[in-house]
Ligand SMILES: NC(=O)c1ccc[n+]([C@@H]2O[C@H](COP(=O)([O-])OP(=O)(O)OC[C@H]3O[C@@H](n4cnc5c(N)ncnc54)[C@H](O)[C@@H]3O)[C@@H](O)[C@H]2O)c1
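In structure tokens, the next block holds one chain alone, the form predicted on its own.
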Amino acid sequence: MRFLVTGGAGFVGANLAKELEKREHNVTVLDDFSKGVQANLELFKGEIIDGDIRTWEPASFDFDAIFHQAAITDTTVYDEKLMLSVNTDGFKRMLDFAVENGVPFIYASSAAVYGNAPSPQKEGVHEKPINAYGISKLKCDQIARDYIKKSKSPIIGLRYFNVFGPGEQHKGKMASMVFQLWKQMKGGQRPRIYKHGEQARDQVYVKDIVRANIIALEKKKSGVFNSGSGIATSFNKIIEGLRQELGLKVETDYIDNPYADKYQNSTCADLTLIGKTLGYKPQWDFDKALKEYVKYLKSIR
């Protein structure tokens, strides 16, 4: 089969493109390389198109599905007009291509749509984003839900929680907490987190997110679904795991949280809907994923 992966030079997009290719599919990557990097596609053999999802026009549409991963994912971008232009308008263009050609459309949404919702987060409940990124993604989900009512082709949105794993190094400050803490500790620094490290996030390994996308294509059942691990992992647990993997006894620096009144202390995906509808269940627990990820990080540095 022939697939288009937008944002295919990014973190999740590159992992997905390479896995699809590994399964002997013909894969085309579309990326404007504003954030994605060629290094993520080092072993990729398919076509790579340097293009913007807001303006790109296919010479002919011969794809069997679109996996839409392209977006501005920096939550500190406050330009709502830009965020909506890229994330929402670009999304709609790709969705229209899929619907007009009658092919499945699987896209990346985000847990950012929940804002400060209490944990666990559940689809359709407390969808009140607190930043431009979350607003843009919620608008995508609203458009998707509207299209689902009238489209015969499958439309599946996957709300990613905190994804970590190989290929995220280029994301800088937007890389996972796992990577940030590893980088600090590997560099000889004490890990710094807000007091007292019991904040927790749904840390999901990138391999499970790639699986969720492939399962979504196989099941072809429309909807917007949480995609995470279903477990909230504390920052203290991340640090302890890194200490063990790196063989370090470094102490933790606990600092005051200047955003305490707006800070979400826990995220955890309610996986009931995606499990019941698509049959998705995470295969990687945090400890196993961390062990493999640290091994990868050691191999490239």
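A quick note: this is a predicted structure, and the numbers were derived from the prediction, not measured. Numbering starts at 1 and follows the sequence shown.
There is another form of this protein, the form predicted together with the ligand, and it is not shown here; the text below is about that form.
In the predicted bound form, A17 stays away from the ligand, with no heavy atom inside 4.5 Å. The ligand in the predicted bound form comes within 4.5 Å of a heavy atom belonging to S110.
The closest non-hydrogen atom of V12 lies within 4.5 Å of the ligand in the predicted bound form. Residue contact with the ligand in the predicted bound form: A70 places a heavy atom within 4.5 Å of it. When you look in the predicted bound form, the only residue of Y205, Y114, W182, Y160 with a non-hydrogen atom within 4.5 Å of the ligand is Y160. A heavy atom within 4.5 Å of the ligand in the predicted bound form is found for exactly one of Y254, F33, F61, Y263: F33.
Residues P166, R201 and K288 are none of them found to lie within 4.5 Å of the ligand in the predicted bound form, as judged by heavy atom distances. In short, of 133-141, 115-123, 146-154, 98-106 it is 133-141 that has heavy atoms within 4.5 Å of the ligand in the predicted bound form. Contacts of stretch 48-69 with the ligand in the predicted bound form, defined by any heavy atom lying within 4.5 Å, are made by G51, D52, I53, R54, Q69, listed in sequence order.
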